[in-house]
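Here you get one chain, nothing else, as structure tokens; it is the form predicted alone.
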Amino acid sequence: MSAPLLSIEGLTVALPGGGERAHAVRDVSLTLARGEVLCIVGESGSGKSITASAVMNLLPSDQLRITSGRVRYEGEDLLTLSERRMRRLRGDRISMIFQEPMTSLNPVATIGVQIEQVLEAHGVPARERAGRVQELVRAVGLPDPESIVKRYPFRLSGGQRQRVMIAMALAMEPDILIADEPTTALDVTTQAQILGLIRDLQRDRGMGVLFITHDFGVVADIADRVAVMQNGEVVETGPIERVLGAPEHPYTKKLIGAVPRFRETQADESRDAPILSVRGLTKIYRSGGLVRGVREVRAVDGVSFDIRRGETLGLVGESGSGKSTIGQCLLRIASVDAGEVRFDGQDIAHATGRALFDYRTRAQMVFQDPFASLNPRHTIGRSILAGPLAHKVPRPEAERRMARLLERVGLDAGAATRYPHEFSGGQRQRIGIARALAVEPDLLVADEAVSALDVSVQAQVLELLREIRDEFDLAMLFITHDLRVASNICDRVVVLHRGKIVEQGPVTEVFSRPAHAYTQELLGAVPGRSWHGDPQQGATPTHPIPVQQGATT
């Protein structure tokens, strides 16, 4: 066999003292061959990104220290190279795509300028750069290359920004591409496009790809080999077919078992009268002015649905389909331009003053990013108590509620005195749920509440939401772009496309017999949909139900 393109040998990275463990990464050994996709999979804190950053020599030296190991590329140990030599290799022979392109791109430079800067840094003559930028933009499938290179990052969608990052990473035709969770926050169709693009470019150029993810569906779609990491150590490696079909390590089995499945049986529908009734809901955003004229965008266009007590209604669709805007309108975070929203028979669309204040006692939201929605200067206890106290609940009763809810979401009473940064992402999401329940609402809106969580933490939060819905007899609106998650928790589902409902009904019926072409497209883009695990090995992966295509409406 030929020598590997990249070889990681006994890599150990020490953490600062006083933490839960001594090492971020311990004795990690991996190889990557030319033309191969190696997926590193594991939960947050498993050491995936630390391993990738060590290969790029990008670890913060004041916090993380490499104590042993080698990282070999073409006979050179990357860990021993000077910074000047590493700068020549980074972006030239070894490139990296980061998880969040918006924080990686310069907000005040056009994307054309930023791609050209990569070429300039690696010595490409000025006369060749403009043409090369156009070639790269076309290669990653960005529309209208002549126009799009003049745009700033904020004018691009999430998927387009990720394509820009890929173009920058491929600018010098590297031998190795490191992709660190490049599709985590993308909707299923955009994710499928990005995965296909990376795979096609890898095959065309013979690159080795080190792909980091926590999504086994993505692993099933793109990997040749898999390395599973837990607590900084590699616990299992092997070909994709063997690891997914017959996992050996208990941790691998646990991760695969936590992957949400498409449900095959439908729960009994609630016979209660709707607690929330939406008719013709419309939200219009306006931009422009006297010079260019006013431009209108119908973010939500004539949407109608009902939610009953004890029921979870899912809103699914791509980014920009209007899902989150509907949630904001229902909570009156955004105003309603037209239509009717009735909660328990009362008009909410036009409620003001005391009526709106009272409604918000009965309707609460769990946000996508709990860290951004929690005040970093307030203790968890203060954040949870704020709602009940604002609604005139006596402090002793509010504190009893807080203690009961913290226990209910799996946190101890001591959590009340700590700050948001002291908790993991999953714990912060549990805190967000406790805060929403502290006013004892009747309606809970969960906006992408599990989209950024590891698969095992995601499974725990979904189970918690199910239990709380049943325990408190809540009506729940669950907003997500992940169809597997929607199938797992929702009773009925509404499919949105460009602000309009294209299909709705019981979740098993819509996902097994989609009538609209857009729903069929969404289901076809679900990563790993054709993957079947081996229950004999303790794995319970997704069990895709066959899609029976109906007439396009």
Partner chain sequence: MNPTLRRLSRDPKALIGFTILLVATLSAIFAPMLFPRDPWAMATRPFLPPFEDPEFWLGTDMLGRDIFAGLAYRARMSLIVGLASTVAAVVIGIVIGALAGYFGGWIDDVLMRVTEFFQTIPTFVFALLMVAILSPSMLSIIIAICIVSWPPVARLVRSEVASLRNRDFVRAATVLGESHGRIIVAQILPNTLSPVIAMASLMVASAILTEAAISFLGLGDPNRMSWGYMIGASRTVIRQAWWMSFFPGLVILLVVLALNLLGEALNDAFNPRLARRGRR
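Residue numbers count along the first chain shown, from 1. Note that the structure is predicted; figures quoted are calculated from it, not measured.
Quick note: we don't show the form predicted together with the partner chain, though the next part is all about it.
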Practice prompt. Assess the spot marked by P60, I333 and A390: is the partner chain within 4.5 Å of a heavy atom from every one of these residues in the model of the complex?
Written response: yes
Worksheet item: Among 304-312, 354-362, 70-78, 472-480, which stretch has residues with heavy atoms no more than 4.5 Å from the partner chain in the model of the complex?
Response: 354-362
Worksheet entry | Contact residue in the model of the complex, from T190, Q230, S277, Q328 (heavy atom within 4.5 Å of the partner chain) | Q328
Response to the item:
Note: exactly one of A338, A386, A403, L197 sits with a heavy atom within 4.5 Å of the partner chain in the model of the complex, namely A386
Worksheet item: Counting only non-hydrogen atoms and a 4.5 angstroms cut-off, does N375 reach the partner chain in the model of the complex?
Response: yes
Item to complete: Look up in the model of the complex whether Q160 has a non-hydrogen atom within 4.5 angstroms of the partner chain, and give yes or no.
Response: no
Worksheet item: Can any non-hydrogen atom of R435 be found within 4.5 angstroms of the partner chain in the model of the complex?
Response: yes
Worksheet item: Does any heavy atom of V439 come within 4.5 Å of a heavy atom of the partner chain in the model of the complex?
Response: yes
Worksheet entry | Heavy atom contacts to the partner chain in the model of the complex at 4.5 Å, residues of 463-493 in sequence order | none
